[in-house]
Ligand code: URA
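Only one chain is given next, in structure tokens, and it is the form predicted on its own.
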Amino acid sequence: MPPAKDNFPTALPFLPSKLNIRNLQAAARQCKGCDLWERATQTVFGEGASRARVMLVGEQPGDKEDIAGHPFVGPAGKILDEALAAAGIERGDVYVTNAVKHFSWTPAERGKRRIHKKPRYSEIRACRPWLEAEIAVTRPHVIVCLGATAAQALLGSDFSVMRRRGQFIPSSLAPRVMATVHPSSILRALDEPSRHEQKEAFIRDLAIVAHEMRRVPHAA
């Protein structure tokens, strides 16, 4: 990651001196590396296997995750759990996280509902040190970027998920890196047949990861 410009937001000063998941989770609770912490309920850090074979990276925590303090516990998380099981990926082999650790939202026109707001580039960049630390600690064999925000955060701003989904992309981040859709996009399908078709395509992408994990010994 390039050095931060003067006054450019970054989480780097909040990282602990000793990197492990427990220390990172604790330190991230105090993060004020960008302005998202001001409106979020809490930091939602990554969770899962401390030496993950697979790391799944989404965009940001949603409303349910912001309240619960855990990643992928809402409707999109349910789709993800079902797809992982269908693809044959053990949840114990997986670490789940997001490119941004605080919920970015805007109020609905009526009522108290909070509407998801895509994080800004400055917020994604500010949070990058947390994600890099998670990768360094968990050392995943496969990183799966879920959706365009995660993919562009890790693979470059010109990366297209739709053109390259389900393919292993050369990267120094891990032995295998792939991008696919975010499970929340499946929930936004127009009708049930479309939702089923999109979910099956998502499962097929994850099945490629499962095949790679069967190919590589667990100790690798």
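Start at 1 and count along the sequence shown; that's the residue number. Please read these numbers as outputs of a predicted model, since none were measured by experiment.
Another form exists, predicted together with this ligand; not displayed. Remarks below refer to it.
Is this ligand in the predicted bound form near all of E132, E134 and P140, within 4.5 Å of a heavy atom of each?
-> Answer is no for this spot.
Any chance G58 has a heavy atom within 4.5 Å of this ligand in the predicted bound form?
-> Yes, G58 lies within 4.5 Å of this ligand in the predicted bound form.
So in the predicted bound form, does P71 come within 4.5 Å of this ligand, heavy atom to heavy atom?
-> The answer is yes: P71 has a heavy atom within 4.5 Å of this ligand.
Find out whether any non-hydrogen atom of A76 is located within 4.5 angstroms of this ligand in the predicted bound form, and reply yes or no.
-> Result yes; A76 sits at the interface with this ligand in the predicted bound form.
Is G48 close enough to this ligand in the predicted bound form to count, meaning some heavy atom within 4.5 Å?
-> Residue-level check for G48: no, no contact with this ligand.
Spot the stretch among 154 to 162, 171 to 179, 188 to 196, 62 to 70 with residues whose non-hydrogen atoms come within 4.5 Å of this ligand in the predicted bound form.
-> One stretch meets the cut-off, namely 62 to 70.
Using the arrangement in the predicted bound form, list in sequence order the residues of 120 to 138 with any heavy atom within 4.5 angstroms of this ligand.
-> Residues within 4.5 Å: none in this stretch.
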